[in-house]
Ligand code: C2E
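Quick setup: one chain, the form predicted on its own, written in structure tokens, and binding and motion questions come after.
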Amino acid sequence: MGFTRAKPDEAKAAPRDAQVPAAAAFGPGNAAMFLDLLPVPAAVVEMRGRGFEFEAVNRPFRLAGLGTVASESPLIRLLGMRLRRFLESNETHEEIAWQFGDEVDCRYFRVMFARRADKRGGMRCMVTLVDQTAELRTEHSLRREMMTDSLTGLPNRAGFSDEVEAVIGPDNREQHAVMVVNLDRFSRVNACMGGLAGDELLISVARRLKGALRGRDVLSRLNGDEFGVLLTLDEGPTDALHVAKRIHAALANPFRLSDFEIRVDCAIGIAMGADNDGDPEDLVRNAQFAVKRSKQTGRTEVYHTRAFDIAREQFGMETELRRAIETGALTLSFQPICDLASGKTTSFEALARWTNEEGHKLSPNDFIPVAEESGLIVPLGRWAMDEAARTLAEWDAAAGGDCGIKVAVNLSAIQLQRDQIPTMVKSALDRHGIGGDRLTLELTESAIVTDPDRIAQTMKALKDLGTTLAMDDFGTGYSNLAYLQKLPIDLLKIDRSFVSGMLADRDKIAIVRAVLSLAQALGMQTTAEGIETNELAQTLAALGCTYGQGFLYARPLEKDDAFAYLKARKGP
């Protein structure tokens, strides 16, 4: 768009669509009159030599604080180089975003340079500015709200991700790490004291965490009870571990809520930038993965690639295990349990066995933890209970009546929490016509301490069905004697870690003797696991142990082999 003045005759002779538009039809005085008609700041600028002059400016331009003299105008001072390049180019239009003012009074404009395409445009152009300050401030405010946790005022998950991606690049990964802090038992505070108390606790925790960090560290709240920290590593990876120690120390003192003092512990996972060559967002996910391991180990965990590979293997195993349960690809093996005094086989322990689709036999130590973590332990446990009852019914049918044997089935702690165990056991017994007195149900100490009151009700319901209740792996867990006295436990199983090598270890003998004395005082029977020699079996019998289980008698057997073993031991 040009601004040279046209001769009167030329203007009259020109066709309508060829007339010079806008301010180009006016002289310098008329240009000012035309610009005053525009509702936005506007100016006609001419470049003369190395400088600029305003040929005309309108009132909104002056009110915007953009001046009336080119040499004093912030527009020329800040955008002069850009304007010069435009005038020296062949472009007719150029649009740019421009920020003007300090942080408090900052204003945002969309700036347009425009001139005619022919030579009459020369070194002159019109500059218009559209004020976008209110629009952008609203946008920034909404974005800030979207990126901020409303309770603590910290960045939320999305805000933290933006911060991580903005700070960490390919050239500075080694200088940063991401830490995730997960609060223990927070859900219990919410459940017992209400949401307001939980919110108060989170605010207090956020303050302490902030106090434990250094100036350049960035704290965020990722979700309900999980915080993220973007760490700057001045002295290398040890910085992250030092910060973790400070966080544990900061949370060591109890928090006071109403009339209660609450101790808050946490699990901490760290992902080092140096160990990640992918997306910076991967650091957050890696740190969250490390937190899961921290919950299991009870210490601060640093993410390692091998740990992630193991997790991927477990996810693959979870998929295969789900399919195996659905298709009935698992089997039960049965290991005999014998009366140490008479040598008679009194029961079998049912043990889950799995050969995967590739023909590999997987140990229960590998797939049972995967089943518990994924929730598959519930259908797996139901299958095991039904299969044990079915096998007992088949043995009875083959024996022409009650074959005189019990089957022991393990109940997982997760299964006890998530399933209606008494209903499930009764259904299996009814379905196969088996009495409850034919089952021994083995629970671990960890299963009992998770929710003692609820487990006590479950155990009472199981006793009403006539089942025998055993505490498995006694001595390896909490060994709370109060539970033994209050709960209807019939039998203690002494873990193989105490039995194996017992004859050569006085401490183990002392432990076994103490367990046997305790069981006798409480009127309970006992089973020793891991018996591999006659000498060990005789010693345990002399000490008062009731039953024995181990390779001395037999390894776990398929159900048909177990029945054949039973018939052979009974004789003709």
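Heads up: residue numbers just count along the shown sequence, starting at 1. Since this is a predicted model, take the numbers as computed values, not measurements.
Note that the form predicted together with this ligand isn't included here; everything after this is about it.
K.L.:
Counting only non-hydrogen atoms and a 4.5 Å threshold, tell me whether 349, 368 and 529 all contact this ligand in the predicted bound form.
P.N.:
Affirmative, all three are within 4.5 Å.
K.L.:
Spot the stretch among 228-236, 245-253, 424-432, 466-474 with residues whose non-hydrogen atoms come within 4.5 Å of this ligand in the predicted bound form.
P.N.:
Every other range fails; the passing one is 466-474.
K.L.:
Flag residue 107 as yes or no: does it have a non-hydrogen atom within 4.5 angstroms of any non-hydrogen atom of this ligand in the predicted bound form?
P.N.:
Outside the cut-off, so no.
K.L.:
For residue 345, is any heavy atom within 4.5 Å of this ligand in the predicted bound form, or not?
P.N.:
Residue 345 lies outside the contact set for this ligand.
K.L.:
Against this ligand in the predicted bound form, would residue 157 count as a contact residue? Criterion: heavy atoms within 4.5 Å.
P.N.:
Output for residue 157 is no: heavy atoms all beyond 4.5 Å of this ligand.
K.L.:
Given that this ligand is not shown alongside this chain, does residue 452 nevertheless sit within 4.5 Å of it in the predicted bound form, heavy atom to heavy atom?
P.N.:
Judged by the heavy-atom cut-off of 4.5 Å, residue 452 is well away from this ligand in the predicted bound form.
K.L.:
Name the residue from 436, 169, 375, 364 that puts a heavy atom within 4.5 Å of this ligand in the predicted bound form.
P.N.:
Exactly one residue meets the criterion: 364.
K.L.:
So which of 124, 292, 496, 116 reaches within 4.5 angstroms of this ligand in the predicted bound form, heavy atom to heavy atom?
P.N.:
Only one listed residue qualifies here, and that residue is 496.
K.L.:
Does anything in 417-443 come within 4.5 Å of this ligand in the predicted bound form by heavy atoms, and if so which residues, in order?
P.N.:
The stretch touches the partner through 442 alone.
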